[in-house]
Every structure is written in C-alpha cells, then in structure tokens.
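Below, in structure tokens: the form predicted alone, a single chain.
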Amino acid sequence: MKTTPTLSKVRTVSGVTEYKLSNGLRVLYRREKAAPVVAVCVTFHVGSRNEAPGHTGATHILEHLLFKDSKKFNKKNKKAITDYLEWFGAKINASTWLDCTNYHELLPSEHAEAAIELEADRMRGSLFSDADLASEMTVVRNEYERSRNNPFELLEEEMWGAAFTEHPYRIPTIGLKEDIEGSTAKKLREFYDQYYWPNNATVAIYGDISAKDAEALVLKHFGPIPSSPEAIPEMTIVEPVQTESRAVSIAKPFGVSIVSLGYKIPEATHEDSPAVLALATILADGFSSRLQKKLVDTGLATDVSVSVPELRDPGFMTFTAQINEGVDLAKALTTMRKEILSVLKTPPDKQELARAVERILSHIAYDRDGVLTEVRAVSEAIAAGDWMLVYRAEEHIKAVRPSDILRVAKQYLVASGETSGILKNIA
C-alpha cells in the first residue's frame, strides 16, 4: 500500500527554511528575488571518505556517470541531461570531495521544475553502463595524470598520505590508479545502491521561487522515491593520535621547488575551528601575513598560501611556499617553521587579529554572492556536518580573541603532530 509523502517544516533560521520529507530527504529553501533565477543543489552525504579499500575513486567516477542517461532524461527521448538543461539556459555542474558529492544547477526561475525533476530522477534512476564507464575512463585517467603532474597537488597528496595512517582522508578523492583501472559498472552500481538515496541527501533550492511552489515540486518529484532498504553504511575509522613528526620528500623536474608544513586540526563543527582559521589567516593569508613578510618580502619565496579545509572529521592544515631558485630548501623550511611557531611567543595583538577577521569576512561575503555560490557554500557546510556553519561563520569569527589564537596555537602547532614536505626541482 502506497503512502502519501509528507513534507514537514523543521525550522527557519537566517532566512533559510529547513524541511524533512517523509522518505528522509532534507530540504533547504531560501527566497531571493534579486534576479529571476533559481539554484538547485543536491548534496549526497558520500565522498571519498566513505570508500572501502579497493574501491577508491568511486564517488568521483560516479559523479561523471550520473551525467549519463537516466530513466526520464536520456538521448533516446532527446532529453540528454546536460543538453536538455542547457537548452533552458542552465548552468550545470557537479563536484566530489572528501565528505560529499554535489550536483547543482542555476537556471531561469520558470524552468526550476526541470532541474528538480532531473535531480530526483538521477537520484535513483541513473542508467550508467559499462559502455558509459569506458567512455568516461579517458577523462578520469587524464584527471588523474594531471593531479600527478601538478607539483602542488602532488606534494599535498603525499603529505596527506603521510599525515593520515588509517583514516580515508589519506587517499586523494581521485582515487588510487589501480582502483580506478579496476572499476566496473557493476561495482559502481553496488556503491550507488548503498549511498544514493533521499535519506542520505540534502536538497537546497534558493532563488526566485515561492515556498509554496518549492514545496510542491519537492513533494511531486522527490516524494515518491523510497528510503534506502538498508541502513546507510557509516564510516567509523578514527585516525590515531600522531605522536611524532613525519616528512615527505620528492625530487622531480617540475620547474618549481616547494616547501610545506602541515598540522592536524579539529573538525569543522568544533568550537576551536574559527580561531584556527584566524590563526592560519594571520600566518599566511594575504600581503600582511607573517609568512608573506618572512619568506616573500625577503626573497626566499615567490608565494605563500595556507589551506584550512572544513571537514566532517579532524583534518589537516597546510602552509605552502614556492621557493626561489638557488634558495636552500631545508633552510626555507626551517625559516617557515620558526615563523609559524613564533606566534607562541608573539601572539597577535588586537590590530593584527582585526585585519585577519576583516579578510575572513570578505571571503564569507564572497561565498554568499549569488544564489549558486551560496548553495555551493551551504553544500560544503552540509558535508562538514551542519549547514548553519555558513550563517554562523560571521558571528563565530567576530568572537575570536587574541587569547584564543594563543590557545589554539599551543593546542595544534605541536612538533609531534607536524608533517613536512619538500618538493625539489631537478634538471
């Protein structure tokens, strides 16, 4: 006996209304009338974090395959997924990372149903085959080779692989070459059937569409989809505490030399995360940052950067510098380490912290500039464990004090938790 799907309102916060469909699908809706467009983003709570040994790269390959035919949208009925939506003027794409996969569209408001219907159909109706997999493997292999031939990506991947010994974060999202080559449509279908269900997804609908219309379209297209027949598999691996420093060294003819230092950081929802972000900004984000002054302004490096990923599980913050030709790399790494650790003796004053906070606030504003950019930022927050991270970010970063910077520096910038990396260019 079929039951009528229901959509229940959970809460409205910061102009966003959260709903839950009776099949477990979570829905986020926000009305924005600035332009006659709608952004639709489906976030599946599955990324490379959820891949079992031997199946690495599965979420990324599936990202490609879900652009192939589905039951309602296919070449035979002249509704090929990408072509059909682009005919309406849609901008359509997807991305895969450690904690999630998302599929998103931006299109004129009057065609919002087309995007919602498509996403509902390929959630359970994707028709990918061995032939489709074979046609995409050239693209996937090229992406893999590009990642191995990019010096910055290669060093970063090797450092994550050294920093994490048990947790799946140690494997890059692109996957291991042998697993990519061993992929079959059958294995990928099994993975799809484990994770791609409404009770393992969140749909965000932002833009010039009324709540009544959005609710009706969600009920019409996602409502009939059943929940998963089995429980969604949980990833339960916990990374052991790192007790000694680790190092990675690469020598290749890349044309550039790079040094990098990485430190373990807490998950995105942890109360220390805003202070960690402020610490990273003070040290390496922008022309006024400490590493810029110590490495670039003195001629040791041409560029410095920092990566502070917001992840569901405890992650890894990396400071990276492209070193000038002729500079001793070990000396550059030592200088970088000394400058990073100097924050323990010379914590930021109110003015230095204020500059960092303003820079972060500008990034936050950029991430909410337009409904497509905003739903993608929300998708990342969903993946990290709480969609409200996007809307609380400003409040949280403004609450950081100099004493918080010193506290998190002592907590996370520890020698036993450090992983260093050197990529030396050779002729």
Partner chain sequence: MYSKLITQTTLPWGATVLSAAFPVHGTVSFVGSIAGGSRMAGTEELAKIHAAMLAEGTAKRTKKDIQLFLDDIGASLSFGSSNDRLVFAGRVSEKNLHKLFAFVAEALLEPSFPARELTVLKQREQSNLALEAQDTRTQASIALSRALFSPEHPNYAHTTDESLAILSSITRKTLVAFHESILSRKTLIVSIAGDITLERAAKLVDQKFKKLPAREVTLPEFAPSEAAEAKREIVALPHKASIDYMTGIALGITSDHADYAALMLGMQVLGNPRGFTGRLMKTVREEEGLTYGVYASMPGISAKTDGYAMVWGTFAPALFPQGRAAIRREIEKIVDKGVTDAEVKKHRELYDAYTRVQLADSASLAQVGHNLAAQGRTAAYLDRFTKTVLSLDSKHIRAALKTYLKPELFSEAAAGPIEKNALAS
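Just so we're clear, the structure is a prediction, and the values are computed from it rather than from any experiment. Numbering follows the first chain given and starts at 1.
Missing here is the form predicted together with its partner chain; even so, the following discussion is about that form.
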- Message: I need the one stretch from 58 to 66, 42 to 50, 365 to 373, 380 to 388 whose residues put non-hydrogen atoms within 4.5 angstroms of its partner chain in the model of the complex.
- Response: 365 to 373
- Note on the structure: Only hit among Phe254, Phe88, Trp97, Phe152 for heavy atom within 4.5 Å of its partner chain in the model of the complex is Phe88
- The listed residue (Asp132, Glu110, Glu158, Glu267) that reaches within 4.5 Å of its partner chain in the model of the complex by any heavy atom is Glu110
- Message: Can you confirm whether Val37, Arg355 and Glu358, the three residues that make up this candidate site, all sit within 4.5 Å of its partner chain in the model of the complex, judged by heavy atoms?
- Response: yes
- Message: Does any part of Pro224 reach within 4.5 Å of its partner chain in the model of the complex? Heavy atoms only, please.
- Response: no
- Task: Using the partner position in the model of the complex, report whether Ser288 sits within 4.5 Å of its partner chain, counting heavy atoms only.
- Result: yes
- Exercise: Thr318 in contact with its partner chain in the model of the complex, heavy atom 4.5 Å: no
- Query: Though only this chain appears here, would Asp297 touch its partner chain in the model of the complex if you measure heavy atom gaps against 4.5 Å?
  - Reply: yes
